[in-house]
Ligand SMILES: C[S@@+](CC[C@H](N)C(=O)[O-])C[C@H]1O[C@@H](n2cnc3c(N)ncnc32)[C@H](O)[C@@H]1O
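Here we start with a single chain on its own, the form predicted alone, put down as structure tokens.
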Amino acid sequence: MEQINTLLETAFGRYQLQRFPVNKAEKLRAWDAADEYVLQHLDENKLLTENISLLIVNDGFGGLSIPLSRYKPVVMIDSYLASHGIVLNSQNNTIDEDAITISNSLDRPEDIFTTSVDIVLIKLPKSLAMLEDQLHRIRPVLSSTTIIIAAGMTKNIHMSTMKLFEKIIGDTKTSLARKKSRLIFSQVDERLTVSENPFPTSYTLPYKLDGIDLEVNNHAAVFSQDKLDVGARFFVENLPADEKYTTIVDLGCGNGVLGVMAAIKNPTANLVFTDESYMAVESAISNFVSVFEETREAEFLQTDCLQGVEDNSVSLILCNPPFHQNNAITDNVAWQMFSESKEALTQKGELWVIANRHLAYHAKLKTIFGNCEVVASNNKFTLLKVIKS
């Protein structure tokens, strides 16, 4: 198997970068052509000086912050995995731990910067909702002199992307394409009337609790902003209920709807919600509390899959696995979720997985657990169950 390239060569130095968690069979680099384009543009245009203030949004595993560490950047990021990747890559490249400040996606930049930021670098997130939220969040630390450069692969940059920058920041233009990536340049218009940040959003579930409508709150990073996605809905309609489920984990919980509905159907169970997104975990907390208030407790972990959950401690795991990490398509996360589920489950414990029919999760699960059955299916989704034996 061909080994993935881990050497990032830039005008600022040469760096060994890995994705996190480290996977010996990794097929994806820790950076992309858009990172390289940004670094080249900064160097060619001599935009960096020793005492600038630098904000980097959505840095993936340090592709920008590691080469630019001498400028003491602040990194605003929603991903637990990416933030830990930055820490790991800093250590591997002997970069001082104080050189890069990592803040999460819910922090207010104005609480970090005392004056306007000189340069803002943005790696475009997967969703427009996330981009809209982030532009609103950084707006208070921008001024007419702030240099704003966004970067992404050309296939992910659309007119709707440009319109968001124009609506929230000001005049916006793009660069020529280079290695299938582009830069976006946005000029702050201080006269622009900007509406309030619309996030978090909410919608009403098609279910009731004791005759009362259930409302779901979503921060911007959560998948399916304005309604329950069809896969989750199919899962909810087939959730199990049994007193044998003493501890239930909503793995990769997103807004926590699966776990909340499982808690309603299993009133004596202990609930654990895990996700690698700060915004997802915060959404899950909000939705659990809105249903149960102070009558029930749950554990919420922003973590890598099931890290922090004891082995042999869980009787039921509910999983709607992602098949992408940021903008990269990969099944590594699903494999890790399934493997760690086997460790976390008690004997006879169950893992329930919802998946698009075209994904080969049935075979993966049978390889790991030795068994797999179809609980329910429709023309688009399959609900699978495996038992630890």
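One-based numbering along the sequence shown. Worth saying up front: this structure is predicted, and the values here are computed from it rather than measured.
There is also a form predicted in complex with the named molecule; it is not shown, and the following applies to it.
Among E215, E299, E110, D304, the residue placing a heavy atom within 4.5 Å of the named molecule in the model of the complex is D304. Only one of I317, A150, V257, I86 comes within 4.5 Å of the named molecule in the model of the complex through a heavy atom, and that residue is V257. In plain terms, the part of the chain that comes close to the named molecule in the model of the complex, with a heavy atom within 4.5 Å, is 218 to 226 out of 113 to 121, 176 to 184, 218 to 226, 163 to 171. Using a 4.5 Å cutoff between non-hydrogen atoms, P73 does not count as a contact of the named molecule in the model of the complex. Contact check for T146: no non-hydrogen atom falls within 4.5 Å of the named molecule in the model of the complex. Within 4.5 Å of some heavy atom of the named molecule in the model of the complex lies at least one heavy atom of L81.
Among heavy atoms of P125, none comes within 4.5 Å of the named molecule in the model of the complex. Contact with the named molecule in the model of the complex, defined as a heavy atom within 4.5 Å, is made by none of I248, E282 and V309. Along 232 to 253, residues A232, D250, G252, C253 each place a heavy atom within 4.5 Å of the named molecule in the model of the complex.
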